[in-house]
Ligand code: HSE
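Here we start with a single chain on its own, the form predicted alone, put down as structure tokens.
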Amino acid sequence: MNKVRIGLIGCGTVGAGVIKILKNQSVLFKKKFNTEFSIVKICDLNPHIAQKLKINKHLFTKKSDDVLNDTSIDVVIELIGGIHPAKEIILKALKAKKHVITANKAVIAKHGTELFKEAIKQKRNIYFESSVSAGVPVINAINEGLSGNTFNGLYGIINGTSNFILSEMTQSQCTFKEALANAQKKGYAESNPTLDINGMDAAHKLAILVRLSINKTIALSNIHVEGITHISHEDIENAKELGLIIKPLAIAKKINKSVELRVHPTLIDKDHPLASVNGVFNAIFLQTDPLGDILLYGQGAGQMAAASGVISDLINLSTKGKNVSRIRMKNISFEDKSIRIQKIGEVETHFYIRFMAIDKPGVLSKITGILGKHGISIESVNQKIRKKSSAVPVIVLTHKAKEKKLRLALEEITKLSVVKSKPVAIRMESLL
């Protein structure tokens, strides 16, 4: 019987889920994998957890060093989140010759290179499946199942909070504020949801996915990030009329030896599989060669979803030989330094633009004239009828246009006296 001794640091929602699975599935793990997992120590600042989880209080400590200095422990599971002290704990664990499993997207996105190098130096492994989409096995799929493919495009709904809010606004016709409140009530959003709704949570996850699929280390500053707070019901209804839907996408698109990276609300065709991903569910659409297109879909948040990803890592770590594990870390740390990161101004895409303009002759010609002057080719223009208002919505769809040129055009249009508010521009992606 293979015996694996575990030190758990951070016993909140996900940590409690890990304990439950290890307890409930212990017979399965012994029969199927000939492996017995045992938790040797649990570190958490909450002294009441032992009683709550009905676990021997002697297993508990408030000091992470009690876990890190225990020579009997084979693997440390870090579930405290954030950068510090998580980074220091992971480094100490590796230096103490322990493997590491983490669900910490921030520390892997920001300090992955340093941590991977230390793991290779110490001949140990870091697993982090739950850092991106909880139990959806996207990291394992990229590293192993799709390892013989090159990745040309990645489009991910990887923040459940943003997806829930836009889904609610679309299906229930509630306001952004009402949808956010509902997400918080259901436990899908934090009391401070900033990192979710401003796109930074998805940016951390995109950085990890790009590191694995395109072999490029990504600084968060190289990802163009926009949140969802500017999306209105008007845009959602306009999208429906056009046969489109707005989804919060993280996008990595490889073009020759360059890659464009962006996180923002995106208009996609209502018939694409990503369009039907609603609520807190996550999905990642991969364009690969030679396999082709593939979609990974599942619950991307929640106690048991995240805990399932941690357990998956634990089983992978314990059932693979040492040589396979060491090769894995070298593959993860490999980087293609020839790949260039495109600046957002260079990116070309289609745009949906909504202007609020005074309803009088010559307005449309002024707007389209400025767009034309900046090289923006127009696919269609639609002026909505609005009663009892001097300003009416003007909807413009463009052909592919460079971001930099579009921004210059919008700056000029905003200064027109006939335009009454800042234009709303939403990028469009054709994925069918």
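Note that the rigid core is defined as the largest set of C-alphas that superpose within 1.5 Å between two forms. Start at 1 and count along the sequence shown; that's the residue number. Not measured: the values here are computed from a predicted model.
The protein also exists as the form predicted together with the ligand; that form is not presented, and the subsequent description refers to it.
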item: Options 229 to 237, 75 to 83, 169 to 177, 156 to 164; stretch whose heavy atom lies within 4.5 Å of the ligand in the predicted bound form; value: 156 to 164
item: In the predicted bound form, the residue from K105, H111, K216, K254 that sits within 4.5 Å of the ligand by heavy atoms; value: K105
item: Selected contact from K205, H99, R262, K247, since only one has a non-hydrogen atom within 4.5 angstroms of the ligand in the predicted bound form; value: K205
item: Heavy atom of A189 within 4.5 Å of the ligand in the predicted bound form; value: yes
item: Contact label in the predicted bound form: I353 to the ligand, heavy atom within 4.5 Å; value: no
item: Contact flag, L212 vs the ligand in the predicted bound form, heavy atom cut 4.5 Å; value: no
item: A301 within 4.5 Å of the ligand in the predicted bound form, heavy atoms; value: yes
item: Sequence-ordered residues of 194 to 222 touching the ligand in the predicted bound form, heavy atom within 4.5 Å; value: D196, D201, K205
item: Threshold 2 Å Cα movement between the shown form and the other one at L267, rigid core reference; value: no
item: Exceeds or equals 2 Å, Cα of A183 between the shown form and the other one, core fit; value: yes
